[in-house]
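Below you'll find only one chain, the form predicted alone, shown as structure tokens.
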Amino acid sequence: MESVKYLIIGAGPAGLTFANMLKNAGEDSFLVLESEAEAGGLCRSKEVDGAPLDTGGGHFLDVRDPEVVDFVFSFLPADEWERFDRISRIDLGYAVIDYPFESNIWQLPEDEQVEHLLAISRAGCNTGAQKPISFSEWIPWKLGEKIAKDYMLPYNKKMWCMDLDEIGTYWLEKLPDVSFKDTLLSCIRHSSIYESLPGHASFYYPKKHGYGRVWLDMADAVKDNMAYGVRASELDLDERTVNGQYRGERIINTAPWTGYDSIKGGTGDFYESLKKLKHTSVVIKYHDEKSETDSHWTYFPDEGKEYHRILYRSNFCRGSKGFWTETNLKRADLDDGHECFVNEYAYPVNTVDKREAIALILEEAEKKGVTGLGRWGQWEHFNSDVTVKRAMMLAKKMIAQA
């Protein structure tokens, strides 16, 4: 049995950040278990057709948090990154507009603008109608029937490939109500409602590498504390052990809770909560065709198209060509001749009862010295910058308490 003070499961952004924070604080009694032969998790990259391709989908470093940026730049220096102002769009088939939809209705043909304005005027959030509970009814209540029909409902059907009413609306509460007055003025003035994008308004991407490079450098900084090719299959909460071979005074779990073959030491409610956690699997396909667009990525609600998003790597990755698509595994044709990468765990699903389920899991585990961290440890759709921030905060807290 190998025993350490901190046993970290998973070498993605969360686990690697936590490990390096420990090292920087002078702590050396820690071990990172990684099932793959290479670090990075969903942020791994691979050279495809002479340039990097991010095999886990579109991942970028947001510029918003200076502490996070400085931490990441300490591994891959600032002059190795290029900053971009995000360009993302929605392809409706009959028109292509900037994201977010509700802010750029003015870019649509005039007859479509009128239809949207009428729908927004009738939206429940504007008429005072009672807020519905189900996803399929909440979306038109919040955004209007037209946005719901043309974009939000078909896009989410493609993205999640499940009954949309199994999905909660709590994670969308931050969406502002679509104002009829503001939208009308936007159409008259031919200008967006919002001054800036809600997320990734500006981002960094490596000049010479894929996004996966920084995580390799981060893993190299703690190489003496890394164990590759070790899949955490059995977790014992009471003994704080993994696979009966590794023990930690504290365990930091960044791996999917549902990915273990067995977890011992939980209550009946713990195991019932595990059953409620859902996730999607995503296929990344490379296409070598040239695209005449300046968009960094584009969303496609058309259910006739296999994929839900295209990332045009030549517009943010120097010296590259082509693009890659993101497709839910349930919709993907894996034998169509394109090089593809399957990610079993891609996005946690915000099901109706997820919040209560993950809260119970995290509470029970924490009482026994096992802490969930990151996208999978906390079962939240965190971008990498948010994951890094949370890992930094947790490490500071635990170091201070040690």
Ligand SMILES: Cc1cc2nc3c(=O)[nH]c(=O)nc-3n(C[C@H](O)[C@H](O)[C@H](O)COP(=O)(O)OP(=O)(O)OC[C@H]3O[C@@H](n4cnc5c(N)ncnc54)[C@H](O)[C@@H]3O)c2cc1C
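Note that residue numbering follows the sequence shown and begins at 1. In this text the structure is predicted, and so the values were computed from the model without any measurement.
Form predicted in complex with this ligand: not shown, discussed below.
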Inset, instruction - Given that the partner is absent here, state which listed stretch (329-337, 360-368, 23-31, 342-350) has heavy atoms within 4.5 Å of this ligand in the predicted complex. - result: 342-350
Legend entry - Residues G57, A232 and D385 all lining this ligand in the predicted complex, heavy atom within 4.5 Å: yes
Inset, instruction - Using the partner position in the predicted complex, report whether A19 sits within 4.5 Å of this ligand, counting heavy atoms only. - result: no
Inset, instruction - Using a 4.5 Å heavy atom cut-off, state whether E36 contacts this ligand in the predicted complex. - result: yes
Inset, instruction - Indicate whether this ligand has at least one heavy atom within 4.5 Å of a heavy atom of P256 in the predicted complex. - result: yes
Inset, instruction - Give a yes/no on whether L42 approaches this ligand to within 4.5 Å in the predicted complex, heavy atoms considered. - result: yes
Inset, instruction - Sequence order please: the residues of 10-25 with a heavy atom within 4.5 Å of this ligand in the predicted complex. - result: G10, A11, G12, P13, A14, G15
